[in-house]
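Shown next as structure tokens: one chain only, the form predicted alone.
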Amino acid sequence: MSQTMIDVRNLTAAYGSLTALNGVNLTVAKGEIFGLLGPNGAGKTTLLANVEGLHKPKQGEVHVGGISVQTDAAAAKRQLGIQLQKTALLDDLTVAELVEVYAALYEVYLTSKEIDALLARFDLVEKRNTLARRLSGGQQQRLALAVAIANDPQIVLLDEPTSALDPHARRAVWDVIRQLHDEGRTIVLTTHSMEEAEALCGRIAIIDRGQIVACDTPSALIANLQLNSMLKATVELPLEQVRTLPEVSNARYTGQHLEVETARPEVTLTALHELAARSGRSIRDVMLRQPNLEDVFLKLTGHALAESN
């Protein structure tokens, strides 16, 4: 049986009168990449803050590596490497100085050679004497990851690790996260990106309005709901008419695109063309896709992930 590295039991957390988490339960096993998927404001960051000991829960317990965060926060924190959503990098320190300082906060004192070895893993050796404020966004994110593992933790917590990055920088950070996982570290990351969750995570907890609404592998989450295929097209038609077409279980507009959930795409597409012809419309850019985590989120919460951000 896999060792449990993070155990959250009946966790409720609040900010004044606002309840941010409501009775959350979850476990993270050793060696997982575990994702918390949900919109901004869902409670993802608050959940990590309670695991990190940065926020005191209203009720419930959190254990990290078998140690209670509530009763021995210092010992629990020593097992963690943390990359916050907005990491304060002390702009007037160099890259090498930052790694040295953050490691020392955990009473880990790195030599110059050890610092260079760590920076090499994140492709930052050439920037070792560069001030943090002069780094690009992607370089700052890689530095934040280097800082997060400067104390050689077994558990790494990443809060929106690729937020605001361009696609190239985002994928570079994904590669680094996979490398950390390959070393046997346990990774927990928050994201509101369906693509990121599917690309990185072995298991995902979908969180919405402070509650875990589902937790499983991406494929199991999709399979368990028995979702239909999705037809996607560019056309303007009344949704109430589209929903009455053969084999259609649901229809919606996402931006300018019509999305139609159907059990038999070929039957629905024929009927859709007939409806469009009667309405004097033409159908363009027809695509068929299989169900994904966006569909799971919509089914479980009643609203799209993108609509919640």
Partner chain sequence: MKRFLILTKAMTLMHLRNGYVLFWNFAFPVLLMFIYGAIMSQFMDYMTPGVIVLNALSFGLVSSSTMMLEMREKSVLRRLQATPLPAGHLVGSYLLVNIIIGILQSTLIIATGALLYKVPVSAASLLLAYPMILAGLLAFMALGGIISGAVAKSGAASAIGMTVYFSLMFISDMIFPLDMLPGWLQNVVPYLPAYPVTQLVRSALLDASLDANWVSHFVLLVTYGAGAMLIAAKLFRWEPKA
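Numbering follows the first chain given and starts at 1. Since the model is a prediction, treat every value here as computed from it, not as a measurement.
FYI, the form predicted in complex with the partner chain isn't displayed, but the following is about it.
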{"property": "Residues 74, 91 and 107 all lining the partner chain in the model of the complex, heavy atom within 4.5 Å", "result": "yes"}
{"property": "Listed residue (237, 147, 189, 200) with a non-hydrogen atom within 4.5 angstroms of the partner chain in the model of the complex", "result": "147"}
{"property": "In the model of the complex, the one of 169, 135, 101, 225 near the partner chain [non-hydrogen atom within 4.5 angstroms]", "result": "101"}
{"property": "Residue 152, heavy atom within 4.5 angstroms of the partner chain in the model of the complex", "result": "no"}
{"property": "is_contact(residue 114, the partner chain) in the model of the complex, heavy atom dist at most 4.5 Å", "result": "no"}
{"property": "Any non-hydrogen atom of residue 216 within 4.5 angstroms of the partner chain in the model of the complex", "result": "no"}
{"property": "The partner chain contact in the model of the complex: residue 49, any heavy atom under 4.5 Å", "result": "yes"}
{"property": "Per-stretch contact check against the partner chain in the model of the complex, the hit in 120 to 128, 180 to 188, 91 to 99, 201 to 209 (non-hydrogen atom, 4.5 angstroms)", "result": "91 to 99"}
